[in-house]
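A single chain, nothing else alongside it, follows as structure tokens in the form predicted on its own.
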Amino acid sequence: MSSMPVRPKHPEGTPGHFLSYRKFLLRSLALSTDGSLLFYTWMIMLTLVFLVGANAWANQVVHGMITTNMTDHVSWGLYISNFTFMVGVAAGGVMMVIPAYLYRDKAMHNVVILGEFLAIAAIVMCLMFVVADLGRPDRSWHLIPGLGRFNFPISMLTWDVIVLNGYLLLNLHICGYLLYMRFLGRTPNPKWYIPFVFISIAWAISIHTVTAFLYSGLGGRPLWNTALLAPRFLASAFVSGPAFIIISMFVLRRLQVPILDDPIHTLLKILRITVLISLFMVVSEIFTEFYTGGAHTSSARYLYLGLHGKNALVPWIWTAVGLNIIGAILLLHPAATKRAVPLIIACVFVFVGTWIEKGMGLIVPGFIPSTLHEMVEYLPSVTEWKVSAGIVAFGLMIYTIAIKIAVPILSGRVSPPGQPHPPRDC
């Protein structure tokens, strides 16, 4: 980080400090609402999708969960499937942090905040999917320590609540502090963010590990009773997160934001390894389920081949397998490092393939057949698709606004009135 001019500092709690913070908030608000026609079109489109989802969710709250296709037999559907996937996306954001801070990759420092913003948006979506799945949002107070019955530390659900909210607060602090210091033109104090960065690395791993333990600890669901579930979750998380960030970088390039090739190539190297590890773990699971046989393979047989004439999820999982294999081949091809189109296609394929494989291909078949060996199939209702689309649109709005605020500040185009622009490099 380059040397920065020494400026008088306002101690915390002084009128000058609050005035600077007020200017930062007002300037951030202005940046988030001012843009080109393309920006307004994008935000209007996301807002419309969000409103459709909000209307569907309101209808669900009024009429009950009967508006969904979930039943007593399949009690977790599209909402929890998306929740599981988004936890992985949030954890995958740490793949920007590890090279930047653990291995001191200078090029990654300039774009690391993209991963932090992705983690924030993904965690917000996770919490919204959980609220949607509750059916009655007023019951969420049961998860608040001191008000509800938290059952800590026995319940894995309470651990999930802690790690998800803790990870959200960590990323909000890191992003907020770095942007505020850059806005003021000051060098960030390492003791106020470096320890939190390293904590966030371990915390990112913990959020998906705890989520995996939440499933694998349910003894009545044989499909999830595997010690490989947590490593498999982490491997797929380190596929979906970097893939989305690479796509974001190319979009920012099209919008004339300077993004160097080095961070993209670093993430590509990570993707090439993690996508192969993820595929290998899936193959290991398939071999164990089908080669050993037994009654506990019913869920896997239903998922991949169909069972007793029921095969609603077979097209889903084979689509996911095909997308992941094609995406892996494209990532390993030399053209991925030379041309943007093959790399973007590969990232889209592995992102969508991972979404299917970790969502509909993992959560739903865990309930089929039921513990009473009944075959009750599930496919999401229109209400569930609308609510999910609205939540994803809201998350993309958060991600867009965060980048819209950060790019001018980090590039040095924004600073408090009367102060020179800070240097551009991080």
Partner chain sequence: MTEQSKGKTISLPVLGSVSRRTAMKGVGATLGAGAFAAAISPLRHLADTLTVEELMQQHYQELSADGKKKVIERLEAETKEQYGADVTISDPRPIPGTKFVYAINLSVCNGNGKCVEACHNENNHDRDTNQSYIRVLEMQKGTMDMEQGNTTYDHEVPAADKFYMPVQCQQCDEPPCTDVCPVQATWKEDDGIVVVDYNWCIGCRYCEAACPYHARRFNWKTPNVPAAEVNPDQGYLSNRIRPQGVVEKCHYCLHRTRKGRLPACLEACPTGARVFGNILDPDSEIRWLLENKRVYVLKEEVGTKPSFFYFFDS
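Nothing here was measured: the structure is a model prediction, and the numbers come from that model. Numbering follows the first chain given and starts at 1.
Only in words, not in the display: the form predicted together with the partner chain, which the text now covers.
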| property | result |
| --- | --- |
| In the model of the complex, the residue from A54, A389, L379, V382 that sits within 4.5 Å of the partner chain by heavy atoms | A54 |
| Heavy atom within 4.5 Å of the partner chain in the model of the complex - residue from G309, P334, G220, G293 | G220 |
| In the model of the complex, segment of 220-228, 251-259, 344-352, 237-245 with a heavy atom within 4.5 Å of the partner chain | 220-228 |
| Exercise: L38 in contact with the partner chain in the model of the complex, heavy atom 4.5 Å | no |
| Touches the partner chain in the model of the complex: M70 (any heavy atom, 4.5 Å) | yes |
| is_contact(D105, the partner chain) in the model of the complex, heavy atom dist at most 4.5 Å | no |
| The partner chain contact in the model of the complex: L46, any heavy atom under 4.5 Å | no |
